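Before any questions on how it binds or moves, here is one chain, the form predicted alone, in structure tokens.
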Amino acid sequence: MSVFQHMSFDDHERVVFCCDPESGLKAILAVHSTELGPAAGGCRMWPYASDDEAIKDVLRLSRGMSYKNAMAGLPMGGGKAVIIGDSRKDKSEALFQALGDLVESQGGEYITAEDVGISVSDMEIVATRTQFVSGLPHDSGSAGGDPSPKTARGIFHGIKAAVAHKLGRGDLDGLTVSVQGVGHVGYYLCKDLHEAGAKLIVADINADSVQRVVNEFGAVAVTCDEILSRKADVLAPCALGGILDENTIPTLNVSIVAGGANNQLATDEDGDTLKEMGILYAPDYVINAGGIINVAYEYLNLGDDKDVMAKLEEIGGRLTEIFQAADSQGLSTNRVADAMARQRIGRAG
């Protein structure tokens, strides 16, 4: 099937396929929109079962970055790159040098950074071959570095806004939050939630990651199969996307879904189902914008770390605006957010 006929193709400006036999790099780079500025979005490394899975992921993720950057008020468009490979065994210096060459070949229309499976040290290698990279080590007090803590802090502000809107509470003390995925972003979110007095239920495919949050934050560990159906006030998906569908949504036992995973809804209609069930959904690309805000402030020199932290607090207010609009219009929150985002990037039709 042609990429132009793919169900996730959304008038993307550019889709580039790269195969570098010498380094072993097999990657796809997608630029969704440069209407607001250069397309910014991280690079993900994942052992996709098929090329079609990788294509679907990069198309959906790049569109999400357009929406994310637009809703965050950043002068950037949306793009994404994915590497087909296992980050636990397929990494090499040559591979990330080749990735840097791929990014450089786009002439600045795509800016990369860390995403799932990619570390700061990996981006340092990429930066030896291209200037169009962010998420690099930084001096204390300046913007930059690993975006995961900033993503988590933005989600934390978003959860507080959702709790205020849905439950009428101004704090999280005593509330139960189920966190699915406690890797980089999930770990830092657990830290913020624990410090705010929330009770944690956690699950992850990595047993060491689970044990860490159990030891440090008193979390209750459950299996990955159990986490979605456990009773809690908030479910925070922080693993991979597509987890909310016709099979999993009926099993939910929460009032709020608000987490860091991209593309949490399998389809737009799944957002309608959440609304019908009385579950408040925080659109993922709005609540998880903290990382790209950090990247933008570093790359564009928009301010220091204090400025980034202040910008993250705006995420809660932005979500409240979406929640109120959804209530007044009788629509699901994802449809309201999509309409707002498309308006901002000139694709309202």
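All residue numbers are counted from 1 along the displayed sequence. These numbers come from a predicted model, not from an experiment.
The same protein also exists as the form predicted together with a small molecule; that form is not shown, yet it is the one meant from here on.
- With the partner omitted here, the residue from V133, M76, V234, A261 that has a non-hydrogen atom within 4.5 angstroms of the small molecule in the predicted complex is A261.
- In terms of contact with the small molecule in the predicted complex, the residue from I111, A198, I159, C238 that brings a heavy atom within 4.5 Å is C238.
- Using a 4.5 Å cutoff between non-hydrogen atoms, T151 counts as a contact of the small molecule in the predicted complex.
- For V182, a non-hydrogen atom is located within 4.5 Å of the small molecule in the predicted complex, even though that partner is not displayed.
- Remark: D270 does not count among the residues lining the small molecule in the predicted complex, judged by a heavy atom distance of 4.5 Å or less.
- Among heavy atoms of N206, some come within 4.5 Å of the small molecule in the predicted complex.
- Across the options 96-104, 190-198, 174-182, 245-253, residues that bring heavy atoms within 4.5 Å of the small molecule in the predicted complex belong to 174-182.
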